[in-house]
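The data below hold one chain only, encoded as structure tokens and taken in the form predicted on its own.
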């Protein structure tokens, strides 16, 4: 074995060891759809992606960034913190930039959860943080959604005890698509955040049309003990670039920043900055998403299927068919839909995707259920 082959073999072995030893690497976020064989003719309505992005301006920014891609991103991160601080009306010290919002969730988990402690969350909800901290020895206290698939905030507040390190709230929630009205969530935060930090995941903020919904970043400005996360993976179409951020009061943001392991790259930073300035693409993304979810909602209504009025880039609806079977039937139509979200095993989360793909789904739905 020559030196190059030896290096390749040992690097692969070491990489496998590292992957298996890092908490959360094999968690749900890294798991592809089991029926996705990367065929070009598949309608991938299962990942909550924005297939129309990156925008033209973001692509141009990515290409231009190659001229400085030999540099480390440290100063560019500092500059982007100022951009985001200006956007939200907070100091740059309140911003934590990371390689995708998932990294922000995990940094918060490392910062505030510990072995023998607990984390309180909804069930079902987005699992990246819980998958990660459970491998650290943190107990996950799951509070089931109520009869309307909403957060049961009263039970979540009652579950807080001396071992609680963090409370996780996804608003709007993934996978149910339900949201918490601003007044109700603020009341919850008034009660809970003085006792324990609350993480508010706002990944789908940009898609919400409800008038009684609002960001909780305004409470960060009032020094609340909360962390708000945002992502460029959804409305901006940068899921493959891996860039997101957290907003928290400066002293909390400093704690989080020290625990971020996956940094954003220069191409990702430049793409995100260009995306923020591209209001035309932003409005286009929201428009086609609204059209897509209306098409899906109308199809469900026509078939008499129960569904949650969507405020995200997906629709959660009841098929009455086990989700594994429903997935296989849809795959036979070259369509991928969402995975199982126990205990709602006869419900489906379908993403909006391109309108042509949504049309495929709407046409296939009565055939698959018939």
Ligand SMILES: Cc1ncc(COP(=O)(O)O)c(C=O)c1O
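Positions refer to the first chain, counted from 1. A quick note: this is a predicted structure, and the numbers were derived from the prediction, not measured.
What comes next is about the form predicted together with this ligand, which does not appear here.
Residues within 4.5 angstroms of this ligand in the predicted bound form, judged by any non-hydrogen atom, belong to 167-175 and to none of the other stretches in 268-276, 88-96, 287-295, 167-175. No residue in the set 44, 316 and 353 has a non-hydrogen atom no more than 4.5 Å from this ligand in the predicted bound form. This ligand in the predicted bound form comes within 4.5 Å of no heavy atom belonging to residue 179.
When contacts are judged by a 4.5 Å heavy atom cut-off, residue 126 counts as touching this ligand in the predicted bound form. At a distance threshold of 4.5 angstroms between non-hydrogen atoms, residue 138 is out of contact with this ligand in the predicted bound form. Although the partner is absent here, residue 299 is not a contact residue: none of its heavy atoms lies within 4.5 angstroms of this ligand in the predicted bound form. With the partner omitted here, the residue from 257, 249, 242, 151 that has a non-hydrogen atom within 4.5 angstroms of this ligand in the predicted bound form is 242.
Interface residue among 143, 219, 102, 198, judged by heavy atoms within 4.5 Å of this ligand in the predicted bound form: 102. Shown here without this ligand, the chain has 201, 203, 204 in 186-215 lying with a heavy atom within 4.5 Å of that partner in the predicted bound form.
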